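One chain follows as structure tokens, the form predicted on its own.
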Amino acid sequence: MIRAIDGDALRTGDGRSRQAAPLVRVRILRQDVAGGESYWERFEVPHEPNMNVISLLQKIAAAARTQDGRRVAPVAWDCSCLEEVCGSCTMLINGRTRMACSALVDKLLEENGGEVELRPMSKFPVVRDLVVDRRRLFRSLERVQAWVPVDDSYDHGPGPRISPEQQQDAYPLSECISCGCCLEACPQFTKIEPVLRDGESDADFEARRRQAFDAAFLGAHAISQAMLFNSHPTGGMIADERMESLTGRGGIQICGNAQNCVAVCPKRIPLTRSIARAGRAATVWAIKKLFDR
């Protein structure tokens, strides 16, 4: 049997004692419902080697008690793969946007004076606690048609050949996981949170929300994906449609070249290079369009 002595030591059945595991202090900005008031709560978690933020959140959810022992609802957060592939666990950790699965607790404690602070992303509406509504992120990908169009399922035979140089150039862009880190850090990507009006139907509300999304800045992730698929032999067949989106409302002209996006990208995608390429391509495309009238 093991029991705590004054919270500092543990005593075993044979009378021997050993030090208890140190506690990790965690401060979380919570919100019970969408559009509700946010508030801070503090928690303490026994330290273990090689913990990441997801480990902290799992222990907090299992205990469901604050630092002062008060029973609370488990903290809500998003995660799936736990290996920096799904992109769903992005949040503000110690004030910086990053993936919770790859944020190691020991390093976080060093940079924030022995405490870990967790907040939801600020550029997306909060659903609950650390869970945000990222549908605008995916709408931006729809706007630039970030896919290779295929209109049937029968075998077309071998696809177009791509040189090793083209593959090497395209591969870093293909690593985007739609985590939203670049959008959270971008000064031009501002929060849009429409509210359902009295008497407004769900269909009308969705149409109004989409209209607001389509008038706002696309974001670095969508621009980079547009350049990726425009460089693909098959994807390039609808390059003009992507350029229409890139040069329309909320397009590349909104980018202020702050370069925050490339600084926070967990996959080190050369986003600023994609933006520069998109700017050149937009200029060429606009000139060609002018003379093709």
Partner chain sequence: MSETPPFLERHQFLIYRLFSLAGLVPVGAFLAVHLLTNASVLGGAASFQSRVDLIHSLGPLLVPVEVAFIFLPIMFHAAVGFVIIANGMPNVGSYPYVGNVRYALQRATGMVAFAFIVWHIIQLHWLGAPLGGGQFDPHYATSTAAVALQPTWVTILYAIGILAAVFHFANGLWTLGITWGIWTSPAAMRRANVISIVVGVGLAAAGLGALGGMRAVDVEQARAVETWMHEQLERQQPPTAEPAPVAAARKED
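Note that the coordinates shown come from a computational prediction; the quantities given were computed from them, not determined experimentally. Positions refer to the first chain, counted from 1.
Below, we refer to the form predicted together with the partner chain, which is not included among the displayed structures.
Q: Looking at His232, Arg249, Lys59, Arg27, which is the one with a non-hydrogen atom within 4.5 Å of the partner chain in the predicted bound form?
A: Contact check passes for Arg249.
Q: Sort through Ala215, Ala73, Cys81, Val195 and report the residue having a heavy atom within 4.5 Å of the partner chain in the predicted bound form.
A: When the partner chain is considered in the predicted bound form, the option within 4.5 Å is Ala215.
Q: Select, from the options 110-118, 163-171, 126-134, 182-190, the stretch whose residues sit within 4.5 angstroms of the partner chain in the predicted bound form by heavy atom distance.
A: Flagged stretch: 182-190.
Q: Taking heavy atoms and a 4.5 Å cut-off, does Ala282 contact the partner chain in the predicted bound form?
A: So Ala282 counts as contacting the partner chain.
Q: In the predicted bound form, does Ala207 come within 4.5 Å of the partner chain, counting heavy atoms only?
A: Result yes; Ala207 sits at the interface with the partner chain in the predicted bound form.
Q: Does Val264 make contact with the partner chain in the predicted bound form, using a 4.5 Å heavy atom cut-off?
A: Yes, Val264 lies within 4.5 Å of the partner chain in the predicted bound form.
Q: Hey, in the predicted bound form, is Ala258 touching the partner chain, heavy atoms inside 4.5 Å?
A: Taking the distances in the predicted bound form, the answer for Ala258 is yes, it comes within 4.5 Å of the partner chain.
Q: Which residues in 48-81 have a heavy atom within 4.5 Å of the partner chain in the predicted bound form?
A: Sequence-ordered list is empty.
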